[in-house]
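Have a look below at one chain only, the form predicted alone, in structure tokens format.
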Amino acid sequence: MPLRRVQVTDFRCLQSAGLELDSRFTLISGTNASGKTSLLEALYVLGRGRSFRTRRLEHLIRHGAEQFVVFGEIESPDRRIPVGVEGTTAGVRAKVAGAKTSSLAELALLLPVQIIDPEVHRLIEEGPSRRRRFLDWGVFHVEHSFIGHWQRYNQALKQRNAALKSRLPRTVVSAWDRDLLEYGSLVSNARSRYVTLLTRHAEVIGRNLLGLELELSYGPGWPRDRSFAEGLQNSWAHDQESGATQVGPHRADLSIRLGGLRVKDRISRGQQKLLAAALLISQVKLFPETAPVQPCLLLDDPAAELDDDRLAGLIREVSTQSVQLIVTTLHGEFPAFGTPGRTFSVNAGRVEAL
């Protein structure tokens, strides 16, 4: 079930752009600042309900407009399913098949989209929250019950933190501990299982791209030698002092080692980019083969900051994946990926089919 048609209105520099996408490979070319990345960003928003570049919705709305709209059609065996996202400064609304969604997760179920862009190194370089989002997107597509457990955990966490912030007694704060422990354990166990599966692919792809051994491990957000319940019990004084729960899956992280060393601040920007790409490709590779939908992989200027050998390695890995591939480039062609089924050029926010 690939994304076959998309219409973008008042999104960044794009006033109106319509594209018929190929189910296998679409190439989008244009000079710097022409709108290529904005176009990929719109596709990402259609599948995620949020941007990979900013949290501020007003930055996504074209200057002078009041809202943006991204509309798409996903091809199923018997029909095309309409999907739309509308954004204003007040928030995002989404529809699937004409009906309002109860959760943005409904978008991800129909359009599982991932991106490798020039800023992909931030997955390695930045803090744990980015890596948690990376894990949770993958877990969600492998275990659909995960999203419900994650939501219940966050509801309990929000209530517990509100009680802590209000300096309520421990007996009141602890009323939320049962749900916190139950759903937090389910979230953490699902993530841990996913990291085990992910590692099998990441080790191979990491070795192919970087020539070094890649090791992944999941830190649950409390001391590894203790249970969640013990960690929560022992953190009470710290929780009370800070006014927020200090242990749990919301504090978890994905630990990454390359060649036996922790990667943060120890490898070059180019190596960080390849390492992050290896993780994202591994995630796409892990996508269930029995799933009715097809992952969509966006590559924004993959040649940026990579020498010819490393770029060739990245292309080899991407080309083996069963995905709908959408690539941007400064040039009108990218022969290493083969012949695109559809080709577009972007110039000053205008998109034209070639």
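When you see a residue number, it is the position in the sequence shown, counting from 1. Predicted model only: the values in this text are computed from it and were never measured.
Same protein, other form: the form predicted together with a small molecule, not shown, and the subject of what follows.
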Partner proximity in the predicted bound form: Gly47 to the small molecule, non-hydrogen atom cutoff 4.5 Å: no
Interface membership of His63, the small molecule in the predicted bound form, 4.5 Å heavy atom rule: yes
Contact flag, Ala336 vs the small molecule in the predicted bound form, heavy atom cut 4.5 Å: no
Residue contact check: Arg316 to the small molecule in the predicted bound form, 4.5 Å heavy atom: no
The small molecule in the predicted bound form: contacted by all of Cys13, Thr31 and Arg53, heavy atom 4.5 Å: yes
Partner-proximal stretch of 33-41, 319-327, 66-74, 306-314 relative to the small molecule in the predicted bound form, 4.5 angstroms, heavy atom: 33-41
